[in-house]
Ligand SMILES: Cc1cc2nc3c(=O)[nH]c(=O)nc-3n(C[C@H](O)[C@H](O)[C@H](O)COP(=O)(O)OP(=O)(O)OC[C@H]3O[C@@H](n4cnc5c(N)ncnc54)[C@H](O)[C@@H]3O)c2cc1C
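Only one chain is given next, in structure tokens, and it is the form predicted alone.
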């Protein structure tokens, strides 16, 4: 059976080498737009002319090894030199990129003392240096889509925010965002015809709450060709994908349903 032809954006996502670019970046500014998010602005000449084709691209951050001030950067194929000390690396969404400065903004969801990246972001200060590699495309624009559905938890919120800012004026868009409570709301801007629903866990654990799935199941979606993008805990994303593709009959291809994280007891084969 012949494979469906990839769109130009999907072909770029498939063919883009990794790491496309590597470099060092320095913390310029730290803010707290909500209690559980650290918004960190990075600067550095290595960011100049960074590819920024699609909203919410993914950048890999590299923390220096313990006792070192700067990271060791990888070569092509994610290969590090012999004797490279162990370094912590993690993928994050590009919340925004200012080519003129150049500056890169990333929103870190804070989990208290759980996780090295969360601990670092909680205490981040100007002047600290990290490495980066990428970026990679995690959203594929579909210009022919009649409407768009975006859904996810707070880990998906940076990508949802970045995507909304690039949707065309008047484009029908449904957005569902699961957060802990009302203190986690943030302002979302879009020229699209936006219908936004905040979903509160109200004490339930992230990835255990079923309210996001219930809200999407109950939603009346427009007629025509829809563009779907969902992200969050892997098992939650799988259930949403099965509902939207299997029960709604929507087309969901690569980079449209992404497991950003998973619980320790989520089966290993759930992506």
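Just so you know, these numbers come straight off a predicted model, no measurement behind them. Positions refer to the first chain, counted from 1.
The discussion below concerns the form predicted together with the ligand, not included here.
Judged by heavy atoms within 4.5 Å of the ligand in the model of the complex, the contact stretch among the candidates 144-152, 85-93, 122-130, 178-186 is 85-93.
The single contact residue among 215, 30, 58, 47, judged by any heavy atom lying within 4.5 Å of the ligand in the model of the complex, is 58.
This chain is displayed alone, yet in the model of the complex one of 117, 140, 199, 194 has a heavy atom within 4.5 Å of the ligand; that residue is 117. In the model of the complex, residue 111 approaches the ligand with a heavy atom inside 4.5 Å. Although the partner is absent here, residue 262 lies within 4.5 Å of the ligand in the model of the complex, judged by heavy atoms. Mapping the unseen interface onto this chain, residue 226 falls outside it, with no heavy atom inside 4.5 Å of the ligand in the model of the complex. Using a 4.5 angstroms limit between non-hydrogen atoms, residue 64 is distant from the ligand in the model of the complex.
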